[in-house]
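Next up is one chain by itself, shown in structure tokens, the form predicted alone.
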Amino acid sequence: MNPRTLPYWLLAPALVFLCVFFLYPFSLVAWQAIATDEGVLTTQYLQRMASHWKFDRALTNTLLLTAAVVPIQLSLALLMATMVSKMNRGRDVVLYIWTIPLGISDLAAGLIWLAIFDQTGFLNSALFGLGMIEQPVTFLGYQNKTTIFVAVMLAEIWRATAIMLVILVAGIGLIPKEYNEAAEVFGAGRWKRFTKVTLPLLKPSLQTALVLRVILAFEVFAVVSALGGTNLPVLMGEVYDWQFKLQDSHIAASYALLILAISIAFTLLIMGLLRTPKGAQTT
């Protein structure tokens, strides 16, 4: 085999997989969003999606959840990754404990937090035991949409921070220790070493972690379904409702295209903001 063509042969299986299981299904979904069953191009499905009464609420809730959850997760992941990287003993045990939520499905995580916030859940039991309430509080009732939002936030932070943590721990591990040691010799404190040495060299890992987490945040569904049901509409929930409850695959496909467009836009934004200058040191 020609050595020049060997890389292409090695990439061929991944390319075939991508075409069969992503590009082909995506083309079908895109076609459903912009064409009628008779094959006539139209924008009526996109217009119906945008004019539906739940569209603005679903879009707003999804963007607010992403804006509220991702910065907190990034801060926590950076703090936890820095702590783990400085540990000499017990590092693997601590990292394993912190990444346990990765093994829990979205729906299971939602049910765990439902058991906390439910009327007969742990939170009500604790408050009643402490004498702070006389009867159970309906934290997740339709009147308490702010509480539902906070509950979903907490569940998502608990469930998905570990995704960013694993990526950042790997990124910090690739940074040569000599850089921090040299900065320390020249009198840089911990915070200055973190902001001037660690963060700049961590940009590629930050890009990966943020892109992955933001995309997953726009696809949040099971946790919201478990904790909020229809009281907190989100974009992915609308995809499910239109596809399986309302039996309209065209509108569902329109929502799917919208989620993809938002994900691509934010991916380009993150990659642009965290772009490493050409010729600069990367990890």
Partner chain sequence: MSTAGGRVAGNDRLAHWVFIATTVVLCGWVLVPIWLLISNTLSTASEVNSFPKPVVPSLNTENIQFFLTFHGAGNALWNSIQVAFATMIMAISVGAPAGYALSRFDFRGKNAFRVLVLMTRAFPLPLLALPMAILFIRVGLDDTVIGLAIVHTTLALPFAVLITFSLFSGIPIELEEAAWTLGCNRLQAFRKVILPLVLPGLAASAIFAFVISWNEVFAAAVLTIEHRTLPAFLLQSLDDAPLHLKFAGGTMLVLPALIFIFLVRKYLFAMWGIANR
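Positions refer to the first chain, counted from 1. Here the structure is a predicted model, which means the values were calculated and not measured.
One more form of this protein should be noted, the form predicted together with the partner chain, which is absent from this view; the next part is about it.
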Give a yes or no for I100: in the predicted bound form, does one of its heavy atoms lie within 4.5 Å of a heavy atom belonging to the partner chain?
yes
Please tell me whether any heavy atom belonging to P200 falls inside 4.5 Å of a heavy atom of the partner chain, as the geometry stands in the predicted bound form.
no
Even though the partner chain is not shown here, does L46 get within 4.5 Å of it in the predicted bound form, heavy atoms only?
no
Heavy atom of Y240 within 4.5 Å of the partner chain in the predicted bound form
yes
Each of L65, A68 and A183 within 4.5 Å of the partner chain in the predicted bound form, by any heavy atom, yes or no?
no
Can you pick the stretch from 141 to 149, 175 to 183, 103 to 111, 191 to 199 whose heavy atoms fall within 4.5 Å of the partner chain in the predicted bound form?
103 to 111
Can you work out which of A217, L59, A33, A222 has a heavy atom no more than 4.5 Å from the partner chain in the predicted bound form?
A222
Taking the partner chain as it sits in the predicted bound form, which residues of 151 to 167 have a non-hydrogen atom within 4.5 Å of it? Please list them.
L154, I157, W158, I163, V166, I167
